[in-house]
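Read the single chain below, which is given as structure tokens and is the form predicted alone.
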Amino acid sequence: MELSPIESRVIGVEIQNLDLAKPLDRETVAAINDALNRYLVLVIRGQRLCDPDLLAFSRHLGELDPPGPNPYGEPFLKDFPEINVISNVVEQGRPIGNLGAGEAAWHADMTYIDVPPKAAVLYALEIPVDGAGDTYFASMFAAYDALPPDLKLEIDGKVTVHDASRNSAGMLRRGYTEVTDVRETRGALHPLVRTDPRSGRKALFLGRRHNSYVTGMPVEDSENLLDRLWTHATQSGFTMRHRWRAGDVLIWNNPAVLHRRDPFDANSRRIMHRTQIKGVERIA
């Protein structure tokens, strides 16, 4: 395998000469994990994977974590419940996957639980002809490093509650009601600043903006602080953009990045299969 730079200088790398459908030796797996920790997002193009191939590769990165709850209450792939389907396609009146064709706002995955996923793997089976539905990633290490010193001091030691009520497309999950007061948001508590256990580097840890709340602060002050952080963290200088092709595999270091997706034509077809790797440590 070879690493090839992409347009962003702060996040992401393309891996070439790697067939994920073939067995991988320990050295290759170690190199993939090292690249994931260093570059945060890995792009591997030109793959031809069946679902067992995707699962076998994903297990090299760690224990698989089942998908978060979806609005339909059962796995999209009953034979492979560890795989989540991301799609706008409707068959026999029922969506075959999550998120539809709309925009997915900036977020990290499943930060509403105490130990969020370590990583995610997303494999593109079908892509709209015009390639729409680009995905963007932002480095939370770069975002933290660029914070003004006074803002770093202001957020040091502060904790936020991460809302569990809605998915990335804004759909209300089963068993939850609309949040009307952010002080009553249901979800995990995490520090605004995390320290990476491997490198010791600090990064912002924001999760998703909707219904987030800095505990112990007046609501107006919490809203103002979070708005400043989100505006800062999602600047283009900290981001990369991925233009999808069928056969692409993307892997991202979930606690270290935010990501979002552009909307696309609902009449086109977009099908992706996704796995996620179980987290092994609390955010600290």
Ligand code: SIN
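Everything numeric in this text was worked out from a predicted model, so none of it was measured. Start at 1 with the first residue shown and count on from there.
Not pictured, yet referred to below: the form predicted together with succinic acid (SIN).
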Quick one: from F57, F238, W244, Y39, grab the residue that has a heavy atom within 4.5 Å of succinic acid (SIN) in the predicted bound form.
-> W244
So which of L147, V182, L122, I113 gets a non-hydrogen atom within 4.5 Å of succinic acid (SIN) in the predicted bound form?
-> L122
Stretch from 42-50, 22-30, 244-252, 218-226 whose residues place a heavy atom within 4.5 Å of succinic acid (SIN) in the predicted bound form = 244-252
Triple contact flag I86, L99 and H107 to succinic acid (SIN) in the predicted bound form, non-hydrogen atom at 4.5 angstroms | yes
Taking 4.5 angstroms as the cut-off for heavy atoms, does T135 touch succinic acid (SIN) in the predicted bound form?
-> yes
Indicate whether succinic acid (SIN) has at least one heavy atom within 4.5 Å of a heavy atom of H273 in the predicted bound form.
-> no
